[in-house]
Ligand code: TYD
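Only one chain is included here, represented as structure tokens and corresponding to the form predicted on its own.
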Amino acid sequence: MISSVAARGKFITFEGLDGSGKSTQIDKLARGLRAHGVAVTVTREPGGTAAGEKIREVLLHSTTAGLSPMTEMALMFASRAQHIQQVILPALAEGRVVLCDRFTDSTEAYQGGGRKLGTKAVLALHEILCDGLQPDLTILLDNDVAFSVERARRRNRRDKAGRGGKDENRFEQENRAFFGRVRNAYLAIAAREPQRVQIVNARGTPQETHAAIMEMVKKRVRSLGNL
């Protein structure tokens, strides 16, 4: 079982479609918290560990073909289980704030919703492999589907053309209906767990979105002190 000592830290996750601005907002929040003396660990899924980053390459590379939705979900949880044990729980035990780009909500949205696997299998695997670990706060960045997807595609084309040629385009090859199901699944999670999941309108400027997130963090995570 997860040790109660982990409760000393705070676990904040960011969710949303690719291209919704998660990376930008995580960076802004991390800098804001550190400016107030808060110890912060920034991490991501899939990935976050050496093994997880190898799994990430398999899952996101555009040339990966033939993965069944169940295999895709299993790989997501394999990365997550290692990530929890190697990164998240140790950081929480040290009293740090962990800011994570995606967690189980992403699997429920993308594989459960997008791939039509449903919620039941995702939540069952979460309970078994993640020992039921839940974020203290989940920030769901909501934006227009077409805008987010096109923004993600432009970013990935730029990354692929740059030094190192990083290719993480596999999901962006899906159609708009797929991403519509993903967004709807996210909204269903927020409706089911309104105390944990807070929706932030990401259609404004990055600074406007950051201000809304910082106010949310101040209200919801009071133990962070004088933010």
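Don't overthink the numbering: it's just position in the shown sequence, from 1. This one's a predicted model, so the numbers in the text were calculated from it and none came from an experiment.
There is another form of the same protein, the form predicted in complex with the named molecule; it is not shown, and what comes next is about it.
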Contact segment among 190-198, 170-178, 62-70, 30-38, judged by heavy atoms lying within 4.5 Å of the named molecule in the model of the complex: 170-178
Taking 4.5 angstroms as the cut-off for heavy atoms, does residue 83 touch the named molecule in the model of the complex? no
Can you tell me whether residue 217 touches the named molecule? I mean in the model of the complex, with a 4.5 angstroms heavy atom cut-off. no
Interface membership of residue 102, the named molecule in the model of the complex, 4.5 Å heavy atom rule: yes
Does residue 17 make contact with the named molecule in the model of the complex, using a 4.5 Å heavy atom cut-off? yes
Can all three of 46, 106 and 110 be found with a heavy atom no more than 4.5 Å from the named molecule in the model of the complex? yes
